[in-house]
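This document opens with one chain alone, in structure tokens, the form predicted alone.
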Amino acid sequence: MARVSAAARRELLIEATIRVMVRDGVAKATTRAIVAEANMPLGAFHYCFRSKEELLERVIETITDHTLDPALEGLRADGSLEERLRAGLGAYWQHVLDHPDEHRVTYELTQYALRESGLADVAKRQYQTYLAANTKVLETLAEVSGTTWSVPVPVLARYVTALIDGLTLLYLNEGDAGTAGAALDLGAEYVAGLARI
């Protein structure tokens, strides 16, 4: 492999980990499988990550960023607060539709972390990452639309996280994209109704 920085190697290993998890499952994402997928020597993993726990946390952050960045772009588009919120949630939802296996990995990762010795904090930090992402969405939406929220942002972030998480899991198991998308729109309408000028 051509000489690349440690940061670039980390990113390559994270993306390789996601591919292995999507293809083979979380439990089979061994260090050896990951470095083989990334076409790197085994020592590259230990050079880039202190532990598998650190890698799993970065995987969660990366998958979250895959949906958060497009969602934030949607929030900055022209339109009313509700239209912007629908655009942001729509960007997230499109990622679910385009990459369902990546989202399945997140649920599998939660259960894996809770069952594996020494990884329980990974599941906790996973949902802290989701809460932070939805807090950023709500704060950005309030900022770009010149509004405030009628309920505390930490409470509303938990509501939005539960809404998104629940609808995503329901869709991944049921397969009814249209009805799940309509339910997400209903959630957006409700959340938009909590904004105050």
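Please read all numbers here as calculations on a predicted model, not as lab measurements. Here the rigid core means the biggest group of C-alpha atoms that line up within 1.5 Å when the two forms are laid on top of each other. Residues carry their position along the shown sequence, with the first being 1.
Keep in mind the form predicted together with a further copy of the same chain is missing from the figure; the text below concerns it.
a further copy of the same chain is not shown here, and in the predicted complex it never comes within 4.5 Å of any heavy atom of Trp149. In the predicted complex, a further copy of the same chain sits within 4.5 Å of a heavy atom of Gly166. a further copy of the same chain in the predicted complex is approached by Val105, whose closest heavy atom lies within 4.5 angstroms of it. a further copy of the same chain in the predicted complex comes within 4.5 Å of no heavy atom belonging to Pro41.
The partner is not drawn, yet in the predicted complex one stretch among 49 to 57, 138 to 146, 65 to 73, 152 to 160 has residues with heavy atoms inside 4.5 Å of a further copy of the same chain: 152 to 160. Residues Ser80, Gln94 and Gly193 are none of them found to lie within 4.5 Å of a further copy of the same chain in the predicted complex, as judged by heavy atom distances. Taking a 4.5 Å heavy atom cutoff to a further copy of the same chain in the predicted complex, the contacting residues in 110 to 135 are Thr110, Gln111, Leu114, Arg115, Lys124, Tyr127, Gln128, Leu131. Ala188 is not among the residues whose C-alpha shifts by 2 Å or more between this form and the one not shown once the rigid core is aligned; its shift stays under 2 Å. In the core-superposed comparison between this form and the one not shown, Asp176 has its Cα shifted by less than 2 Å. For Leu138, the Cα coordinates differ by under 2 angstroms between this form and the one not shown after the core has been superposed.
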